[in-house]
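In structure tokens, one chain follows: the form predicted alone.
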């Protein structure tokens, strides 16, 4: 089965990742990853500190970005303030589920369609934030399933416009597809003490099974307390940390894969956009969102199933005539596009 409905990885890991696994020194498991004499939480957090030029104390590690999102939401929705979190109208269903685990309330803020993309309504969002005064404002950039992302300038504008008591939680699981320039992160966390940014090795680096996430937090007493809560005292998984470091060191390998995905975006846009009733949205992630004539749904589903392919047919309100397709290998992308062309032409 070809799973193009999960936004997972359909390529090979880098040679450095493979070599690290094959040659891992089992003796390393006899020691914690915490660097005791330097007061640092692990070898991976120290590596990230050097890579991003960010103080190690402002780095979080977790069991995937999911773990960091959950810790952030659970902590700040139960610290005595508001129990309300704002999330995008079109977004990952799991955000709401995390808040509900601690009896939190999730409210959706506007995401509007603008040509071939989606955008956050900054003015509407600002008004909503000051009216509701939520404890957390969650922003996904890029956003799943719409594929739109925020520029560094937009991110700065967003953080500036919210009150100090609101934590801006940024899910950047897909951010590495946008650019390899992450210099804006240092500026954001140095100038704003109410921000948490979460990243992962699951998407761009294709290691969802590794369960390794990392994040960055602002300064100040509030974030120091949160870091103390979120971080593990004795460090993390020694093998996973070595593999994570190997993946980040072999960025060029994954940039080549990102080029294959860029080709696929262009192919879908060029070949499907002219079809009656179809619309291909701009994406800066490892998936693409396509609107299609709803009367084709059953035939498309049947055609994909016959070829052992799965894509995601959306069923949420206002986006239930869309399908989200994970960008895979060239032959996978070509087959999916040809299948859609064939069904649409019947």
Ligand SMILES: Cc1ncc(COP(=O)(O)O)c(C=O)c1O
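Because the structure is a prediction, the values reported are computed rather than measured. Positions refer to the first chain, counted from 1.
There is another form of the same protein, the form predicted in complex with the ligand; it is not shown, and what comes next is about it.
Here the chain is shown alone; which of 285, 61, 289, 69 has a heavy atom within 4.5 Å of the ligand in the predicted bound form? In short, 69.
Sort through 253, 211, 83, 126 and report the residue having a heavy atom within 4.5 Å of the ligand in the predicted bound form. Contact check passes for 211.
How about residue 173: is it within 4.5 Å of the ligand in the predicted bound form, going by heavy atoms? Yes, residue 173 lies within 4.5 Å of the ligand in the predicted bound form.
Any of the heavy atoms of residue 65 lying within 4.5 Å of the ligand in the predicted bound form? Yes, residue 65 lies within 4.5 Å of the ligand in the predicted bound form.
Decide whether residue 120 counts as a contact residue for the ligand in the predicted bound form under a heavy atom distance cut-off of 4.5 Å. It does not: once the ligand is placed as it appears in the predicted bound form, residue 120 has no heavy atom within 4.5 Å of it.
Look up in the predicted bound form whether residue 203 has a non-hydrogen atom within 4.5 angstroms of the ligand, and give yes or no. Output for residue 203 is yes: heavy atoms within 4.5 Å of the ligand.
Which is the contacting stretch out of 87-95, 129-137, 160-168, 185-193, given heavy atoms within 4.5 Å of the ligand in the predicted bound form? This holds for exactly one stretch, 87-95.
In the predicted bound form: members of 125-153 within 4.5 Å of the ligand, any heavy atom: Residue within 4.5 Å: 144, and no other.
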